Every structure is written in C-alpha cells, then in structure tokens.
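Form predicted on its own, single chain, as structure tokens, below.
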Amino acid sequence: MSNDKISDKRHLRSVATRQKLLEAAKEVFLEEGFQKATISQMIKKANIGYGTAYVHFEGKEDLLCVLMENVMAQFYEIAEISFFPKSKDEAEQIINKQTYSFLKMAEAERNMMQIFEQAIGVSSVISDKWKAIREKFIQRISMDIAYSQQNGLARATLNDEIVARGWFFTNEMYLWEIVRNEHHHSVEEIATTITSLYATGLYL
C-alpha cells in the first residue's frame, strides 16, 4: 500500500474518531449539564483511548466550542440569506423571514443552547467563543445595512455597525428567552414585531 493510501486511511480514521468523540460529548453534556460533564465520561462513551482523545481535543471546553460552532453555523446560514432588496417592503420581508428562522432555530436547538448558556456563564473560553460568534453575525448584519444605505433605502446618517450591534442584541435577548422557555408570545409575533420596529427606524 502506498504512503498516500496509508495516510488517507489514517486521516479517515482520525475524522471518524473526532466525530465519535463529538457525538459522545453532546450526549454527556445533555445528560449532565456543562459543569458536571467530564471529558472522561465522553471518552468512555465514545469508547476510545485517552491518548487518542487528547490528540483531537484539549478538554471539555474545546469539545463544546466545536459543538457550539456546528450549531451556530446553522444560525449563520440564515444570516447569509442573500440580501439585495429593491424597496423598504422587500427589505422588511427578508429581515422578517431571517428573524423568524433565527428564533425558530433557537427553539429547535433549545437543549444544546441551554448547555451553551450554562457554559457562557462559567467558562471564559466559552464566553470568548460566544463573543467571537456574535461579532461574526454583527459584521454580516452591518454589511446588509451598508448595502441598503448605499442604495438609498436606509438612513445614511446612522452608523451601520452600531445599528447592527443593536439589532443583533435584540435578537439575542429573545433567543435566550426562547431557549429558557420564558417567552410570552409566539415566535412569529416576536419576529414580526421586532422586525417592524427595526425596519421603521432604519429604512426610508
């Protein structure tokens, strides 16, 4: 067998091991919560050697960072919906759809999001990771606002980055309310209401 083939097989095995460990970690986090979960439980559940596990991840925070990236990638796909509105109404429709999908995703991913919230509160590593994810969303929203401003649809005097930050924080607050099951209105009503306020303030 050529060296390339051996290296390919090793790589595939390594990817499979990493995936096995992530799946085991997810189960343990959901069963135990962030603070009680240990990497030993995850390694045992994944049925792999300690040495092998530490080749892939430094510890449970490292594992949760990857799980968080995977979940939030689904949210980010919503943020990346193409945004080239021709009018205020069209902009509002797209934003409403994005907001609704974003908050519905919080409902669908409630169990894992609860673990993230626990971890953000006690781990600076996870808290920093969340801040980095948040910034990525804010940058994306900022681009959409700048596009609308350049095309005469939105108020050009407003700082796009500050508006984007405010808009993301509004969504994030409702996201955590939904994760905690503390929201008093339907996701649809929340999305429509906050989108209407946002679009009225920003668009001409």
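One-based numbering along the sequence shown. Small disclaimer: the values here were computed from a predicted structure and weren't measured.
What follows is about the form predicted together with a further copy of the same chain, which we do not show.
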query	finding
All of 13, 40 and 107 with a heavy atom within 4.5 Å of a further copy of the same chain in the predicted bound form	no
Candidate stretches 131-139, 65-73, 24-32, 44-52, one within 4.5 Å of a further copy of the same chain in the predicted bound form by heavy atom	131-139
Residue 59, heavy atom within 4.5 angstroms of a further copy of the same chain in the predicted bound form	no
Partner contact for residue 159 in the predicted bound form: a further copy of the same chain, 4.5 angstroms, heavy atom	yes
In the predicted bound form, residue 147 touching a further copy of the same chain (heavy atom, 4.5 Å)	no
Any non-hydrogen atom of residue 153 within 4.5 angstroms of a further copy of the same chain in the predicted bound form	no
a further copy of the same chain in the predicted bound form - contacting residues of 116-143, heavy atom within 4.5 Å	118, 121, 122, 131, 134
